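One chain comes next, on its own, written out as structure tokens in the form predicted alone.
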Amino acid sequence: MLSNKVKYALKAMLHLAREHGKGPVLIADLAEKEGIPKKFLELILLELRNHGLLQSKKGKGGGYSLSMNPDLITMGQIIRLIEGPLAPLPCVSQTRYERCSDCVDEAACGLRMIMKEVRDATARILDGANLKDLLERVERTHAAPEVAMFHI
């Protein structure tokens, strides 16, 4: 399950992707529009900036903006920066591998085998979804005509 910190980071990054090329966005405006506590958002944006995904500008006309095009930032990147590895167990993590202390035979561990598949599928989906793709999905959803459903 995603933490609120990751959820807020993803919402903020999608908002900034929507505003990409229009100039910096004020933290107060972003917090209000996305329903994110301002102080918490400040910490999240600072962390994303320190990892190179955002840039900030102080003073009049200042705020935060993406440091690169939205198609170069994936959901997997954001989640890993904020939360850490996508792996559900440390023994299947590619970046923070740690052998399970109670494991007798790692090569034949059924739990490890299935959790590796979960990690791979999760990484494939999240690393294949960039901010631009997600914005396009949202736009298509809003553009789709509503279909009336009649039940008898």
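Here the structure is a predicted model, which is why all the values come from computation and not from measurement. Numbers for residues come from their place in the sequence shown, where the first is 1.
What comes next is about the form predicted together with a further copy of the same chain, which is not displayed.
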Notebook entry, point to check: Using heavy atoms and a 4.5 Å limit, would one call His20 a contact residue for a further copy of the same chain in the predicted complex?
Noted result: no
Check: Could you tell me if Ala87 has a non-hydrogen atom within 4.5 Å of a further copy of the same chain in the predicted complex?
Finding: yes
Item checked: Interface membership of Gly110, a further copy of the same chain in the predicted complex, 4.5 Å heavy atom rule -> yes
Check: Heavy atoms within 4.5 Å of a further copy of the same chain in the predicted complex: does Ala28 have any?
Finding: no
Margin query: Suppose contact means any heavy atom within 4.5 Å; which members of 120-138 contact a further copy of the same chain in the predicted complex?
Written below: Ala121, Thr122, Ile125, Leu126, Ala129, Leu134, Arg137, Val138
